[in-house]
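Only one chain comes next, encoded as structure tokens, the form predicted alone.
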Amino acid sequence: MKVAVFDIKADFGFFGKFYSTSSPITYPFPPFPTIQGMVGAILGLDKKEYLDVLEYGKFRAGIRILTPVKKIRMGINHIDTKEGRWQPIKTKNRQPRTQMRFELLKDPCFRIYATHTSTNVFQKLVEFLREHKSFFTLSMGLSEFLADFEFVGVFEAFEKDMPDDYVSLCTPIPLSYLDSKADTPLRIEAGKSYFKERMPLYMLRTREVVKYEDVIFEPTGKELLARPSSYVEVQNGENILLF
């Protein structure tokens, strides 16, 4: 199969965790449904159709952390628009704004690997990436955080079954992808940090998340040695896991 590879970066990013509301905190990298939305924005897919066109199984994607994950907290003003207008002066029942402190990613930069069973969809994505075009404005989670992207290339990629030895993987590792028969499917190495996040994996067009996954990653972007049940070897020398 062929995989389109591109990098995405921004000054700030936010990918809200499902259990945080009044004090929003962010995932360290975009979950799979967010990557679907990013690719849908590039292709110009309507929000009602992109989850169908980019449905898991037809569309697969992986992500690599290119710069160390940095988080900061910043106040963001929310204005009250319930009545279809903004009221700049405080009244008895309305505040002109409400400030909430968000946990944000600072200078996030990721590499996206994307493939699709439809040649037309894949070629359109490659064409847009190569010409640096995006139908809708691309953002890093929130509309305020505009993102830029850079096309890396199209590479041949090969599905590999369960390896006999450890493989160096540059993408985060869902726990269910590890070889369950191996005694230690993940090799712990000195000088690396190991974090785990529970992230949404598959979302229906009704916006209902039907599957979550525990994902292991290295926050500075270093590769991890693991024994996955299968993986993808990219022609550029990177070994990845695709959702």
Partner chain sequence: MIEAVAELGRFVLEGKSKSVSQEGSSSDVLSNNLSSFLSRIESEKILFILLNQNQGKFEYCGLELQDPMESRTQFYLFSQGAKGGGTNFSPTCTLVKPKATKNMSEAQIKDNIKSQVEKTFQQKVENWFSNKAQPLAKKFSKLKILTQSDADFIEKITQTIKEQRKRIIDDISQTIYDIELKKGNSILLSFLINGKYIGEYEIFKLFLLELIKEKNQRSSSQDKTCSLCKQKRENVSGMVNVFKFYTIDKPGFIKGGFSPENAWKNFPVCSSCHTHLSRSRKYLEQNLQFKFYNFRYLLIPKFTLGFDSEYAEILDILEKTQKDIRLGERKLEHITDDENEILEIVSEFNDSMSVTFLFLTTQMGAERIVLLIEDVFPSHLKNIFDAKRHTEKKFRKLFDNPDIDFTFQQIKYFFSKSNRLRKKPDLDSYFLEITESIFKKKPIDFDFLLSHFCRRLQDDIVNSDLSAFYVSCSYAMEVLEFLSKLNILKLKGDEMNMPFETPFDEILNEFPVASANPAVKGIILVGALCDMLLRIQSAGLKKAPGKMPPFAKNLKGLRLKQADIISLLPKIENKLMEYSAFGKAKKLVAATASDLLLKAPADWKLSSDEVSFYFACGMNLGQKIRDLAKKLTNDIEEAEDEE
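Just so it is clear, the structure is predicted and the values come from calculations on it, not from any experiment. Numbering follows the first chain given and starts at 1.
There is another form of the same protein, the form predicted together with its partner chain; it is not shown, and what comes next is about it.
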**Prompt:** For residue 20, is any heavy atom within 4.5 Å of its partner chain in the predicted bound form, or not?
**Reply:** yes
**Prompt:** Does residue 206 make contact with its partner chain in the predicted bound form, using a 4.5 Å heavy atom cut-off?
**Reply:** yes
**Asked** Closest heavy atom of residue 216 to its partner chain in the predicted bound form, within 4.5 Å or not?
**Response** yes
**4.5 angstroms heavy atom contact with its partner chain in the predicted bound form for residue 81** = yes
**Whether 2, 109 and 149 all lie within 4.5 angstroms of its partner chain in the predicted bound form by heavy atom** = no
**Asked** Pick from 129-137, 67-75, 114-122, 155-163: which stretch has non-hydrogen atoms within 4.5 Å of its partner chain in the predicted bound form?
**Response** 67-75
**Asked** Though its partner chain is not shown, can you say which of 179, 197, 55, 49 has a heavy atom within 4.5 Å of it in the predicted bound form?
**Response** 197
